[in-house]
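In structure tokens, the next block holds one chain alone, the form predicted on its own.
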């Protein structure tokens, strides 16, 4: 199963999402192949850091458009290389779109879906979710963004959000998944909910 994680707007946290989902799957004994097609190479950098620190399991990251294979394939795409983005989208079985809580990010998501429609004949599953959600209880932007996403035809909104939590940045900068740094933290609970919603065929331990 090929899963592409991307959006047109920068700063949506897609590399952090791919990194954490990949390690979540590996932690459950699932075969995973990871590819970084974003010229910023953030995912490759964190995988290199993880290797330098000696953390297990290692995360090997490819840099070219992959061929379909066994296990899960996760692809991080960026708009700096639209050719690679379109090639990855054309192969995808599912596409996950992290969306920050703002109207601008909703508009960007709509444009990304237009590119997907133009680039893929496979009609992949399309999933959106609110990422970097405001953790303040009084905020309305998270709910408003999610409600706007639900109005987009063909997009399934996942029943999970990842909050704008410092631990996501700290763990990433150390080459660790959030569940490795804070196993009992709220970020880990959020990641578990997201991963379980995406990878429903993966058994819980």
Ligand SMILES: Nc1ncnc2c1ncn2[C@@H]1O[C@H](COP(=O)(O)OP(=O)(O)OP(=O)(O)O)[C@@H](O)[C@H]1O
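All values reported here derive from a predicted model rather than from experimental measurement. Numbering follows the first chain given and starts at 1.
Missing here is the form predicted together with the ligand; even so, the following discussion is about that form.
The closest heavy atom approach of residue 34 to the ligand in the model of the complex falls outside 4.5 Å. The shortest heavy atom separation between residue 44 and the ligand in the model of the complex exceeds 4.5 Å. Mapping the unseen interface onto this chain, residue 169 counts among the residues with a heavy atom inside 4.5 Å of the ligand in the model of the complex. Using a 4.5 angstroms threshold between heavy atoms, residue 183 stays clear of the ligand in the model of the complex.
The partner is absent here, but in the model of the complex a heavy atom of 162, alone among 149, 176, 61, 162, sits within 4.5 Å of the ligand. Considering the ligand in the model of the complex, the lone stretch of 67 to 75, 105 to 113, 88 to 96, 128 to 136 in range is 128 to 136 [heavy atom distance within 4.5 Å]. Along 1 to 17, these residues reach a heavy atom to within 4.5 Å of the ligand in the model of the complex: 9, 10, 11, 12, 13, 14, 15, 16.
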